[in-house]
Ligand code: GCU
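The data below hold one chain only, encoded as structure tokens and taken in the form predicted on its own.
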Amino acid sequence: MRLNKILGIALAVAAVTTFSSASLAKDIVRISHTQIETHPDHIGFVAFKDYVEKKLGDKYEVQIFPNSQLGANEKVLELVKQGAVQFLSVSTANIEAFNKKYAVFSVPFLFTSEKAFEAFVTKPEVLAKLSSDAKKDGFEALGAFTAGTRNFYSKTPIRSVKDLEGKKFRVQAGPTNVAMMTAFGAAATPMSFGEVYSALQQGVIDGAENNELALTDQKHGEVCKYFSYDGHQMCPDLLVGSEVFLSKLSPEDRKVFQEAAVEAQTVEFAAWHKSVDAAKEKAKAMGVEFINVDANEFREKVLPLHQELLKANPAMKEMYDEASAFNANFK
């Protein structure tokens, strides 16, 4: 009896040791994003994880860290460059500081329709051009997630450009966004996404600009009861990978991670369109009023900015010209 017990314990220890060794043999792949688990970005990354582990589960364990668990995107992007975090979904506005060509997506009213925007950002050639400086930047864009159109929401209704004047709005970091808000006659207040709710509550800002999901996922609709569709920007969340990590992969493994990014992109787009409809209904139940404004009135205020921005940042001109020409396919 005693011998059986000793043998049982020995077998259990051996099993744990074997399991631990197998687990340790795998490379941990960390993915970070700022959204909650029901957000399309997270759903896309789950598809990414499933694809990689189905193909290379004996070599890699993919771990997803949602809801800013690893920190704000600006901080995590530094970790991506170091190779401590392998993948991240990050708005192009947060990347401008690292490479000025990414600022093209912050140019207000660059795209004439959401369809044109979605087709453009998912073109492999566009992602390749964005990533042409990957070795210097420390990261590469493997795919794009849609974040819809960016619109204004606030505590008071925005029915025309004049309603923006003198108000303080949270924007994503980047000089283009500050210039845009100045052109609208408002004050830009850059801050991390996770700080917006308390800033709205405390009156630090009067409103923000984002898509419909911010009203519900981040509960901004509890404070801001007016959402105005002007569609001033369409900024993708890029799925970026660490150059330190990617450069060490075998060609075969690299191909799997690239395919996983495309799979995540497809899944995220489908989830996004479904989520927007649901978010609007939920926001209406929260008492949010959706306002259709004259977008041309807003566009005319900032169109003169285009040439100023290009003059100040010639690095984005090639991508700007390509995007402008691309719009003609979607009239």
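What you are looking at is a predicted structure, and each value in this text was computed from that prediction instead of being measured. Just count from 1 along the sequence shown to find any residue number.
Quick note: we don't show the form predicted together with the named molecule, though the next part is all about it.
Only one of D230, E96, E140, D237 comes within 4.5 Å of the named molecule in the predicted bound form through a heavy atom, and that residue is D237. In summary, among the residues S106, N151, Q172, S242, the only one with a non-hydrogen atom within 4.5 Å of the named molecule in the predicted bound form is Q172. Of the candidate stretches 124-132, 80-88, 210-218, 106-114, only 210-218 contains residues with a heavy atom within 4.5 Å of the named molecule in the predicted bound form. In the predicted bound form, the named molecule stays beyond 4.5 Å of every heavy atom belonging to S32.
A residue is said to contact a partner when one of its heavy atoms sits within 4.5 Å of a partner heavy atom; I205 fails this definition for the named molecule in the predicted bound form, lying far away. Although the partner is absent here, A147 lies within 4.5 Å of the named molecule in the predicted bound form, judged by heavy atoms. Contact annotation for Y226: none of its heavy atoms lies within 4.5 Å of the named molecule in the predicted bound form.
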